[in-house]
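Just one chain follows, in the form predicted alone, and it is written as structure tokens.
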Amino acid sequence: MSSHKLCMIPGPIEFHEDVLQAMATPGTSHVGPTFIPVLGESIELLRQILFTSGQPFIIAGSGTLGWDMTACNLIEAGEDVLVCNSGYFGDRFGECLETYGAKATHLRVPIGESPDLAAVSAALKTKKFKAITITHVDTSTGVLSDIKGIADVVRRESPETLVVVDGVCSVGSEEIRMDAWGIDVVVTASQKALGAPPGLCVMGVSERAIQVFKNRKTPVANYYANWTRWLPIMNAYEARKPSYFATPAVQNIFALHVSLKQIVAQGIEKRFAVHKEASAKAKKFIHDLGLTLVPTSLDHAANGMSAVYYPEGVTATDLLPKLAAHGIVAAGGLHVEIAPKYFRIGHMGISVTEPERGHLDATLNALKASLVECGYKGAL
């Protein structure tokens, strides 16, 4: 067995060899002719992947930086934000918003449930919200939120409210159509279904949101995340011109560029379909083992990952090391209320778009074998 264990967590994921090779390039000037068109084309490719005519951003940092960029640029102190909270990352996004003086109202759902459209509609009637945030896939629960349905409700009940989607665990594996669905901001990162190593915050921002930013009344209370500094940079590189505010992560962007080209070449609609197919396969296998998913319905279960309760008598310290011994790295629980009770498996990127690699089959077979080794009778 190879010394490398398959990284089958909900991100970082397994990376294509060409993506890894792009990370191995020599030192390169960030304002040189070999880099400028790479960042410029990456911005253009993101428009295709997000189905938007808006402004993409590619900035050195984690997906969390996207929360800061959203909060500091679009929300002013004292303004209200409705947070559709389906798990750990709803809590954290709310904390980020409050750091910049926003008043966060959390619309919480029971663990494993997704935000209810009627509840969103009712909440929007209570006050004027500057923005609504939705975690498209909460990695802590594997719950998929209906961003299209929620955006429809917002347009009907409060059309001025900005629609912000945390798509860190969804962009590249779940259907997102920014312009057609009326989404103003999508926040994501490089290391999940976009298929590149960690290190880049990736965003798509609508023209409407950019205008809201330009019309704000108070200064942006952040230096690095301030769009006043980053908008000229993105515009310059897209125009194939050098510009400088802070040094971009050159090799990370080379790698992302390769992966974005692969995604577009594959066909985005096809990519959505193969993630659904792989998810259905994984979840049927899990069900047939007698295991229970954290999402209470397949209708709102993510296609790029599965969150699964341990069967009775099996714990994280039993199962996860056995999976690792079979060459598979899975993740433990993350939601603070149920963390010891479940585990998480990722199935996104090349592990599903290139099934000939055998990643998903190896993972599911290792899961069954590991459960047998744990003494779980349902796996026999």
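On a predicted model such as this, the values are computed, not experimentally measured, just so you know. Throughout, we count residues from 1 along the sequence that is shown.
Below, we refer to the form predicted together with another copy of the chain, which is not included among the displayed structures.
- request: Pick the stretch from 206-214, 297-305, 122-130, 93-101 whose residues have a heavy atom within 4.5 Å of another copy of the chain in the predicted complex.
  value: Stretch 93-101 is the one.
- prompt: Would you say all of Cys7, Trp67 and Gly199 touch another copy of the chain in the predicted complex, counting a heavy atom within 4.5 Å as a touch?
  reply: Yes.
- request: May I ask you to state whether Val250 is within 4.5 Å of another copy of the chain in the predicted complex, using heavy atom distances?
  value: Yes, contact at 4.5 Å.
message: Can you tell me whether Leu45 touches another copy of the chain? I mean in the predicted complex, with a 4.5 angstroms heavy atom cut-off.
response: No.
task: Could you confirm whether Ile13 comes within 4.5 Å of another copy of the chain in the predicted complex, counting heavy atoms only?
output: Within the cut-off, so yes.
message: Please tell me whether any heavy atom belonging to Asn222 falls inside 4.5 Å of a heavy atom of another copy of the chain, as the geometry stands in the predicted complex.
response: Yes, contact at 4.5 Å.
- prompt: Pick from Ala325, Ala60, Val38, Ala316: which has a non-hydrogen atom within 4.5 Å of another copy of the chain in the predicted complex?
  reply: That would be Ala60.
task: With another copy of the chain left out of view, choose which of Ser259, Gln191, Ser145, Ser279 has a non-hydrogen atom within 4.5 angstroms of it in the predicted complex.
output: Flagged contact: Gln191.
message: At 4.5 Å, heavy atom to heavy atom, what parts of 101-119 sit next to another copy of the chain in the predicted complex? List them in sequence order, or say none.
response: The stretch does not touch the partner at all.
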